[in-house]
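The structure tokens that follow cover one protein chain in two forms, given apart as structure 1 and structure 2.
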Structure 1
Amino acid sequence: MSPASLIPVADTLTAPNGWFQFFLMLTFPLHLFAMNAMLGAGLVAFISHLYPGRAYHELSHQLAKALPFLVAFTVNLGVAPLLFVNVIYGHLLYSSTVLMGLYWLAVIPILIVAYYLTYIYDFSFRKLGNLAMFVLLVVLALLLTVGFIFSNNMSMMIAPASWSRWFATPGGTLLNLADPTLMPRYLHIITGSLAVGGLFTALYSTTLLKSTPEVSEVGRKLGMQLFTWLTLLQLGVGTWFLLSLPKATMLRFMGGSPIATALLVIGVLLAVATLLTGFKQLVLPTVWLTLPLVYVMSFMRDVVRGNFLAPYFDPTTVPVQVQWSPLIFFLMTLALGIGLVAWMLVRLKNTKKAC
């Protein structure tokens, strides 16, 4: 059975494909930022438990307060890119989702448990004592599991050659473990996430925790150390991921395609630059370099996906029946939403000052 014969027919788009690509590329890194901050804050809070001293303890406590927010925003900011992936690649994604249905659904209870544990960690921080550390450990393990499930689905949806296993195993228990790119892909994103998460902790410590200098200082130090060492490690993991890709795809990053190659070069340059600022513990310059770096990485990820799918799916062949008014409605809503959020945050800031 040829893999292509299994690929469902894609439904008609209501706007030119480029719009969905644009929204996907715009919102996915936002999800990554929140997700990285969530994982990083969790890891730094956990590490802080291992150090003696009031400052570290207080750092854990302060990060505990941020964790529930970060989980909420990771989930919320994940909805938008997942929606646009559904539009562009839905026929592929739903197929792989059915193949691993049991694991895919497990994401929800895992997240609910992890989310409530972050609240327990926050609200009962003092009461928990040393137990707090283990609560965090469970949270981290759960969240990393969710990431692994996502890696499986995102890599299986671009590998129709693995789909015919469904005929023998239709119960939704298939993962993409035989795929040589799965592990490096997962480790690549986790290493990157924890690194950026470390940077977030440093930023959080140097801005919102300024009022307690010693806490702010340990947060900055721990966060930046995590960022630089993991980014250094990432150079290795990233190379492994690149080498694990099918040769044709890999070669596109090695000069075969000008865009792919440019992305890789810019990405490596930015990463090296963040290492320089990172080892000097310069928080803000590192943040300014990392923001475009995450965007570049997610563009590269999209190039990889396009290459994997090239033999099976050409997005330009999907029928389009344009209706502009819903798109305009969404853009207006987005502007209104951003305005309201900004207004509320300004008000909150003013309140804090007043206090």
Structure 2
Amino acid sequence: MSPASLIPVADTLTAPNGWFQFFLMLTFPLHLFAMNAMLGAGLVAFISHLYPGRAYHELSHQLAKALPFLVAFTVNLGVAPLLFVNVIYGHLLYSSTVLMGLYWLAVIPILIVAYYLTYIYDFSFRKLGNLAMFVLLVVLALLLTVGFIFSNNMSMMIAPASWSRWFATPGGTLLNLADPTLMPRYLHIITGSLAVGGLFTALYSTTLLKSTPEVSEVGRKLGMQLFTWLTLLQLGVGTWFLLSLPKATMLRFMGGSPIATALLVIGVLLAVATLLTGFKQLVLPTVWLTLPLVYVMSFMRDVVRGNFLAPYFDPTTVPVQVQWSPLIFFLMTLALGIGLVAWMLVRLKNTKKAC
């Protein structure tokens, strides 16, 4: 059976594909920043539990207060890119989602439990005592499980050749475990997330916790150490991911495509630059270098997706029947949402000052 025969017909677009591609590449890194901060802050808080001393204990407590906000930001900032993926690749994503429906439906209850536990970790931090670190460990395990489910779905979406397994296992329990790119893909994004999350913790400590110098200093040191060593590890994991790709896709990053090759070179140079500033514990320069690095990695991910799908689907060939009103309504809602979030953050900052 030809894999192409299993792919449904793509829905008509209401605006030229380029608009949706632009907003996908604009909003997806924003979701990544929030997810990185969430995972990294959780890991630093957990490591801080293992160190003796009041400063580390207080650092865990301060990060506990931030975690519920970070989970909420991660989920909400993930809605927009998921919608744009659905618009462009909906017929592929819906198909892969049905194949692993049992796991996909489990994402929402897993997230609800993880979110609830972050509030328990925050509000009952002192009451829990040593048990607090185990509550946080469960939170991290649940969030990493959600990431693994997403990696399975996104990798199966671009591999229609694997869909025929459904005829032998039609219960919605398929995962993409036989795909050689799955584990390096998952570890690549998780390692990077934890590294950038360490950098977020260093920034958070040096700005919002500076009123308690001892806590601020241990947060900065721990966050920067996590960032630099995990970024170093990420170079190895990234190489593994690159080598796991099909040869035709890998060669595009090795000179086969000027754009893909340029993205890889820029990404490596930025990663090396962040290592130099990271080992010197320079927080702000590292932040400014990491921001474009995350965008470059997102574009490289898009190149990989396009090459996997090239034999089956070209988004630029989808028919367009222009209806601007849905996109305009989305943009107005997005602007309103950003304004409300900014207003809430200002209110939160002022409330903390008043306390």
Partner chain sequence: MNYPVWFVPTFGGGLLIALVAIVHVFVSHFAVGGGLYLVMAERKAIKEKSQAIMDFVKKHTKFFMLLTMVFGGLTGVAIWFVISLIHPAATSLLIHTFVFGWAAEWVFFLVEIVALFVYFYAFGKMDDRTHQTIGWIYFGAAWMSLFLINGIIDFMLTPGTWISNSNFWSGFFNPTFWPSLFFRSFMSFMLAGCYGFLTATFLKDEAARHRMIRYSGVWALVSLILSVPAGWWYISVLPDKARSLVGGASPTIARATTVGAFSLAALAGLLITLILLNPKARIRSLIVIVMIAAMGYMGAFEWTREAARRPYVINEVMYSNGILKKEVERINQEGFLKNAKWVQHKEITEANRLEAGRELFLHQCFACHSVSGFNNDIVSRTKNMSYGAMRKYLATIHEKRYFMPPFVGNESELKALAAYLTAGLHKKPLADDGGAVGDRGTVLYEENCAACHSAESIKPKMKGWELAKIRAALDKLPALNPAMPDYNAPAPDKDAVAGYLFSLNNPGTDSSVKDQGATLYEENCAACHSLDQIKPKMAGWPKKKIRSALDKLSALNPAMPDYSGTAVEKDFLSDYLAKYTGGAQ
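Here, residue number means position along structure 1's sequence, counting from 1. Nothing here was measured: the structure is a model prediction, and the numbers come from that model. Each form is matched to the other, and the largest set of C-alpha atoms that superpose within 1.5 Å is called the rigid core.
- Taken from the structure described as the form predicted in complex with its partner chain is structure 1, whereas structure 2 is drawn from elsewhere.
- Structural comment: of the residues P109, K210, V322, L177, the hinge joining the rigid parts that turn between the two structures is found at V322.
- When the larger rigid part is held fixed by C-alpha fitting, the smaller one turns through 13 degrees between the two structures.
- At L340, the distance the Cα travels between the two structures is 4.4 Å after the core is superposed.
- Shown is the Cα shift of F329 between the two structures after rigid core superposition, which amounts to 3.7 Å.
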